[in-house]
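To begin, one chain is listed below as structure tokens, in the form predicted alone.
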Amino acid sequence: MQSCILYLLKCLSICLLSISLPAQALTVVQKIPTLSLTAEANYMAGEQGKPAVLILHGFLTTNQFHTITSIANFLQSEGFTTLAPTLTLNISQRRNLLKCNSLHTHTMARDSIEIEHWVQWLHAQGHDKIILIGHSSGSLGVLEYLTTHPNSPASGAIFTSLFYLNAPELGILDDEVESARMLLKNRINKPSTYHFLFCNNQYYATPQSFLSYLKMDRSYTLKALNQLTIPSYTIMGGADKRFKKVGLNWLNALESTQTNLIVIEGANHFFSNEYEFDVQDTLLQILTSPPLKEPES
């Protein structure tokens, strides 16, 4: 009962805060020259001296996904600059989630190019301290970006609900992977239907697109975490249903890397309900404490 009351009080306080503060969020539209695409992001300038935070959504969603908007709204209320882009997934100015049976031609490499563009855009606005936050597969996008862009101006990374993408326990089928590889080997980029994450046998993608994300297997993900040259934190929900597939030893594996692991007991993959506030409090503690805290002048 007490936790329910606290949850309602926090909801009320956030509602009152959103009413009292004027909306200043801007939709930033940027052309990505190397991709011949136009991308969008929601940007709100915060207080000087506080880091700018880029928040990246998960699989096939947009910057309007509830986990992303919750984090962005909270950080804005705490005075942080926020930038929440929507990955185009090869669709200029994409504003809607992409269905499993849509044609998927996007790749992990192209996602990294978009993330790099937005990081450099923030840097060009005068933000010298940039923290990257990813949710779910957005965490993998941030991780791959940092891996392939070692000279990124990003100062730190926070991964939430971080898992890997390629393994039999996740539903990936060896015969489909081999078929996709053979198609690419023969220079045939004809789309097929694959088992991938929650899409089961409905993920309609080119072999190039499908295989590009499969590089993020368990081994690659853990190795990438260990090779980061900036501070990182990983926030996991203790009741995330994906543990039923990958096993709780995934937490032990994460803890063995250089990332700082934080587990929110009872929270699901999306940090829903009262756990929304737990992840917010955790993010605030990370952002205002060493090593991510802005150094004193």
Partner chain sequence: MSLKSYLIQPVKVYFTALLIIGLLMLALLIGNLYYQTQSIQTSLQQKNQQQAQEEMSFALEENIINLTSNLLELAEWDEIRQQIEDPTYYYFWHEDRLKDSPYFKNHYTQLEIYDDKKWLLMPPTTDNSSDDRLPLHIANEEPTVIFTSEKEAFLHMFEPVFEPNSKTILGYIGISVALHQNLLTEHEFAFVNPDSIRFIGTKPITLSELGYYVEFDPITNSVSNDLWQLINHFTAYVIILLIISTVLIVILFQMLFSGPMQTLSNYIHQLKKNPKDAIEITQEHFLIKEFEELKHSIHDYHRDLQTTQHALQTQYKLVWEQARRDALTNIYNRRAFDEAWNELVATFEYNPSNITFILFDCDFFKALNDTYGHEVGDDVIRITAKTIQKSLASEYPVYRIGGDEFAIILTKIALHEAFGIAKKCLKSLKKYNFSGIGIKEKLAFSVGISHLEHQMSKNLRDDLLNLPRQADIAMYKAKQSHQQKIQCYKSQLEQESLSLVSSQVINTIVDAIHTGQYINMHLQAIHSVNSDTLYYESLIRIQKEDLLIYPSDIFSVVERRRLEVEMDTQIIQQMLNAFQSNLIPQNTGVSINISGKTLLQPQFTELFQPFIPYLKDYKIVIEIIENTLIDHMEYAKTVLNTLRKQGFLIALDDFGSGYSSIRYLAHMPVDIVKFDMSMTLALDADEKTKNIIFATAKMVRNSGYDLVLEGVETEDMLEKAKQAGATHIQGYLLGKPKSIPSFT
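Positions refer to the first chain, counted from 1. Everything numeric in this text was worked out from a predicted model, so none of it was measured.
Heads up, the form predicted in complex with the partner chain isn't pictured, but that's what we're talking about next.
Though the partner chain is absent from this view, in the model of the complex it lies within 4.5 Å of a heavy atom of just one residue from L183, L98, L165, C199, which is L98. Of the candidates L103, L173, L222, A109, L103 is the one whose heavy atoms come within 4.5 Å of the partner chain in the model of the complex; the others do not. Under a 4.5 angstroms non-hydrogen atom cutoff, the partner chain in the model of the complex lacks N73 among its neighbouring residues. Shown alone here, I91 lies within 4.5 Å of the partner chain in the model of the complex, counting heavy atoms only. For the chain shown alone, M44 is not a contact residue for the partner chain in the model of the complex, no non-hydrogen atom being within 4.5 angstroms.
Not displayed here, the partner chain is kept clear of P153 by more than 4.5 Å at the level of heavy atoms in the model of the complex.
Contact check for T160, K215 and M236: none of the three has a heavy atom within 4.5 Å of the partner chain in the model of the complex. Residues placing heavy atoms within 4.5 Å of the partner chain in the model of the complex fall in a single listed stretch, namely 185-193, out of 74-82, 185-193, 126-134, 141-149. Taking a 4.5 Å heavy atom cutoff to the partner chain in the model of the complex, none of the residues in 223-247 make contact.
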